[in-house]
Ligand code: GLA
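Presented below, as structure tokens, is a lone chain in the form predicted on its own.
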Amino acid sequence: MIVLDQENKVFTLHTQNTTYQMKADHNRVLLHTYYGPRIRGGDLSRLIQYADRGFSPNPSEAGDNRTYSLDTLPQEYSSCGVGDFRLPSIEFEPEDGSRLADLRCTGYELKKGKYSLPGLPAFFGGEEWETLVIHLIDSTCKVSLKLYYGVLERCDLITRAVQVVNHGSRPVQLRRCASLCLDFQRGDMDFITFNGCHAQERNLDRAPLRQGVQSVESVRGTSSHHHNPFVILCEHGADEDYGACYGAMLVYSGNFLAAAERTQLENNRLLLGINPYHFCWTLAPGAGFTAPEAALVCSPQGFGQMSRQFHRAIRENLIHDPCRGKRRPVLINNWEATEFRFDADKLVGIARAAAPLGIELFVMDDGWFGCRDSDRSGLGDWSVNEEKLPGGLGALVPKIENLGMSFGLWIEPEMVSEDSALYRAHPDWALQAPNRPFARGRSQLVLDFSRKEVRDHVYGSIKQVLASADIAYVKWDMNRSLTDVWSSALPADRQGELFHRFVLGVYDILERMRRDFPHILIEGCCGGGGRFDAGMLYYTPQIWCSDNTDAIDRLAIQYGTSFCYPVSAMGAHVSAVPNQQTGRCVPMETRGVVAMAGTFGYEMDLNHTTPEEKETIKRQVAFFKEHYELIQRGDYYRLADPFRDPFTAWEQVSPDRREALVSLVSHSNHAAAPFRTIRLKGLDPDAQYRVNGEEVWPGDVLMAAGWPMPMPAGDYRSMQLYLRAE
């Protein structure tokens, strides 16, 4: 609900549990006055304190009032070069070379429904949303801004976006444009980020904010394995169930910057948006630029509530899921079983072993096209290699379907091999600067997706393949970071647009694919979790969580991912042991429990499993299907921390609290281990729950006193408790 106090120019945004407020003051500076637990409202600018602070200058309107300074006021969208020395939200350069931005409020609009951002992913919905648009202008440079706010009350979600327009008669260079600026009039906060590397993504890192700027970012052209465009600011003592925390997510898949600054007054500022590294966008007279959307959730009751609100909003109002209202298929992928070494008979053999176990989708991974016998050739030549697959997909797919399975395949549209017909015909279509040697990644180059003719050719080739057979699923991969970022199609003074134009090009092809093949389930991938972000989830309802399929490593990866992203978005498979990445041997039962904390599937040649293992897989698949709604759409609770506890545990609870599933995996075992209980969450305290069809336990006992954990024999053991209310 959005409440306007027109007389005092106060804008208050209420969600179910939170309140967000700003005010245009007497100088038309847009002040941020409050964000936190829901309150009745009123003009909260009374909370702002004024004092003369040395070396904090005063704008001309202040006259002799030395207590009024942009350097000390909490601002809704911070200025640049005119007296606020904290992180700027925007920076632009007119023809005179000045880089000053003095923004003043000129008006607002209030609308029912949710705004949209052409060419960019964004949360969507109908009348349950409200939209507020606030107009700002720098009158000297004639540059205007629209600050967009979307309010989804039931999920405590507030979205933000920014549009910049040049109303002058000469071009303006836009050099920075954050999607979100959030000032806090408090200093006792921690900064939580999710960091790592390839095969070790999204490990939680928490540290108190110290004076100065702390940040995470990506300059790799993708959101990256190394840092995620989701961060949290929280009270020092906040945990899963207690304390105020603020989650901020960027709906974008390219270079980003998330920066938190503790100021001279021990207040904090959070900035989130496109990374200004190599960013410079030319705004011709009358032209505009739209920054990607950011989304905020404030939880007065700890991280768990924040996560569940993000999960609901992402599932219901961000992801375009062709399987909405029905169950996604359990799949098997051939990559770890065969890599490039396969033919049609081998693929059919893997599918034939999988079908009787209840697996429903066979996915053919890398190596099916062009001269693709290794990762050194073939990318860009999107036609079926009929030496491997005689008769093409038209011959292979019916063989898979005759086994009762649907068919999917792997693609990597953004890349090209030097050893390919495409590169030999169009070397200028790859990102590379003239007269310079270029860097390779995985022996491949990056196509210039800023160019429409490149996108048209690539998508046209892939579209022919997808139309040639009954394709139910596509895995969209990307296996290197962007280097040598230079385009032969852009003039020198516009090369700073290329990183962003590349991302827009990726979105363009994904939107075309979604439009032309609405029934296809697309899974995103970037060497695993290198582009696990909300921007990709708009187009790809699930993303391969990590190339690391080791079940024990996955506990930490999936734990960190769960703070923002729902189980239904995390691609997770059971793979063979010893694991390819770690060499670790983990029991099949445990590998299944861990993979059920994601979309669930298998990554192995089932012809090499024992009869006992096949029976285990059959039980796992049947259990997952039986409890699909609970696992994929239930409320998610983290019960243990894999970085601190000797076990990892999580719980899913149905919205009506009639069902729950608790999953637990022990780490390495030790002699004389202590007795432990595990306290459940989210149950109905007045209900009686039958556990695994046997004993009945009161809900309040399970939550307050806990469940006595059995003593596991051996390392990496697992258990699951299914609870149903009597």
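Bear in mind the structure is a predicted one, so any value in this text is a computation, not a measurement. The first residue of the shown sequence is 1; numbering continues from there.
There is also a form predicted in complex with this ligand; it is not shown, and the following applies to it.
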If we test each of Phe342, Phe647, Trp410, Tyr149 for a heavy atom within 4.5 Å of this ligand in the predicted bound form, the one that passes is Trp410
Heavy atom within 4.5 Å of this ligand in the predicted bound form, from candidates Asp547, Glu651, Glu497, Asp71, belongs to Asp547
Segment that reaches this ligand in the predicted bound form - one of 418-426, 469-477, 564-572, 299-307, heavy atoms within 4.5 Å: 469-477
Check Asp138 for me: does it contact this ligand in the predicted bound form (non-hydrogen atoms, 4.5 angstroms)? no
Examine Cys525 and determine whether its closest non-hydrogen atom to this ligand in the predicted bound form is within 4.5 angstroms. yes
Given that the partner is absent here, does Asp365 sit within 4.5 Å of this ligand in the predicted bound form, heavy atoms only? yes
Please tell me whether any heavy atom belonging to Lys463 falls inside 4.5 Å of a heavy atom of this ligand, as the geometry stands in the predicted bound form. no
Within 427-466, the residues that have a heavy atom no more than 4.5 Å from this ligand in the predicted bound form: Arg442
